[in-house]
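Before any questions on binding or motion, here is one chain by itself as structure tokens, the form predicted on its own.
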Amino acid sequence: MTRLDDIRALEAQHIVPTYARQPVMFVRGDGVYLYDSEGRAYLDMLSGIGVAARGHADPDLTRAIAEQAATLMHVSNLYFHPLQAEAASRLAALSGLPRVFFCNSGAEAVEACLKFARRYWHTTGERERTGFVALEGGFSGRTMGALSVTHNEHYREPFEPLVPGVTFVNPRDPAAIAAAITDRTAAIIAEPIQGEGGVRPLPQASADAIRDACRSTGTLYIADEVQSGLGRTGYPFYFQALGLEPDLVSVGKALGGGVPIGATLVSERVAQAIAPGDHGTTYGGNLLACRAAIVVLEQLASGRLLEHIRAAGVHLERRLRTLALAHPAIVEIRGAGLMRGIELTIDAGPVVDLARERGLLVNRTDRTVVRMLPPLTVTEADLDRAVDILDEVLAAVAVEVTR
């Protein structure tokens, strides 16, 4: 069996050092568990940053992928194939937006949103409407366009100059949001729940300000649902919970259950402004990716999964709030459904590390936040076990802090 030390040495020679990997190598998964190269089991409350929505080695998804791989995986977008339209129709039914552009990731979906917004105003003759409004704390990806509407200077500064014309506003200031959206704004992009920014739901008053300003100025709204979408919160998309009316929605992560696929959902008025050749992709929407997406979307459309997520989310929130009562280091519990953030008074890094050592996978975001994104099929017993481990970890960290 390949050893972790061997892989680390080989990566040190050949992999571009963009990741600070944790000292563990996973070789197998089963449901909510991952197994490392030493055979140790880990309760996975991160699911590949929200990707493994059906858990690991899901039998239905595995079977569908194997069948499709043995039949036909890719023909390019020069030709029709039978699966893209089916996946698109399922996304349309869940979101209410009738058109879909398939790509390979959430960042690519955001890029398409930005391009389609600019194209819309170019087509309608208002070519001065090129600006974007984005939110402080927002994260939309690392490609140049997506990075331009990502707020954190740590991500942005080494790659500037980025796409010009982006204004950042406080997501908790409805008046500032309303003032920033003008008749020169092409679109405002906002995550209904900020993921990398610390699992921070958009306040209802701010959502109302976005909706009203877009109605009064005609500005397009881009809902970045890469992390919060596809059932993660107990809603198909969290913009629905806030009463928002997006013209464009970016989707990724969970859509393929682990097979790379992203999608941009598009309103009819925006779709009518787009012409052949305006955008494209080699791999996006190929048969393998669409077959995986259909499996994920079928389960989501049944309704039973959403009911399970809501119930599991209530249970997790209750357990986390009880946990907060026992640990003064916990400042706040945030999120919805199975997208939860635990804000601490201390750096969350040691909590994440000690949790991993005890067989629990969570991660740190926004420095002081422990993020939980378990598989959507997680049971209450799994969640109880996760919170019990966090209880032990927080107690241990508190002892270290007081020494």
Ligand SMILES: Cc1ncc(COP(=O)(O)O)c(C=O)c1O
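On a predicted model such as this, the values are computed, not experimentally measured, just so you know. Quick note: we count residues from 1 along the sequence shown, nothing fancier.
Just so it is clear, the following notes concern the form predicted together with the ligand, a form of the same protein that is not shown.
*Asks:* Tell me, out of Thr219, Gln227, Asn286, Thr264, which residue has a non-hydrogen atom within 4.5 angstroms of the ligand in the predicted complex.
*Replies:* Residue within 4.5 Å of the partner: Gln227.
*Asks:* Let me know the one among Phe116, Phe132, Phe139, Phe101 whose heavy atoms come within 4.5 Å of the ligand in the predicted complex, would you?
*Replies:* Of the candidates Phe116, Phe132, Phe139, Phe101, Phe139 is the one lying within 4.5 Å of the ligand in the predicted complex.
*Asks:* When you measure heavy atoms, are Arg319, Glu343 and Leu390 every one within 4.5 angstroms of the ligand in the predicted complex?
*Replies:* No, none of Arg319, Glu343 and Leu390 comes within 4.5 Å of the ligand in the predicted complex.
*Asks:* Is Glu196 close to the ligand in the predicted complex, meaning a heavy atom pair under 4.5 Å apart or at it?
*Replies:* The answer is yes: Glu196 has a heavy atom within 4.5 Å of the ligand.
*Asks:* Using a 4.5 angstroms cut-off on non-hydrogen atoms, would Thr185 count as touching the ligand in the predicted complex?
*Replies:* Although the ligand is absent here, Thr185 would stay clear of it in the predicted complex, with no heavy atoms inside 4.5 Å.
*Asks:* Residue-level question: is Ser105 within 4.5 Å of the ligand in the predicted complex, judged on heavy atoms?
*Replies:* Contact with the ligand, yes.
*Asks:* Does Lys253 make contact with the ligand in the predicted complex, using a 4.5 Å heavy atom cut-off?
*Replies:* Yes, Lys253 is a contact residue.
*Asks:* So which stretch, 124-132, 300-308, 106-114, 166-174, is the one near the ligand in the predicted complex (non-hydrogen atoms, 4.5 Å)?
*Replies:* The contacting stretch is 106-114.
*Asks:* Which residues within 171-193 place at least one heavy atom within 4.5 Å of the ligand in the predicted complex?
*Replies:* Residue within 4.5 Å: Glu191 only.
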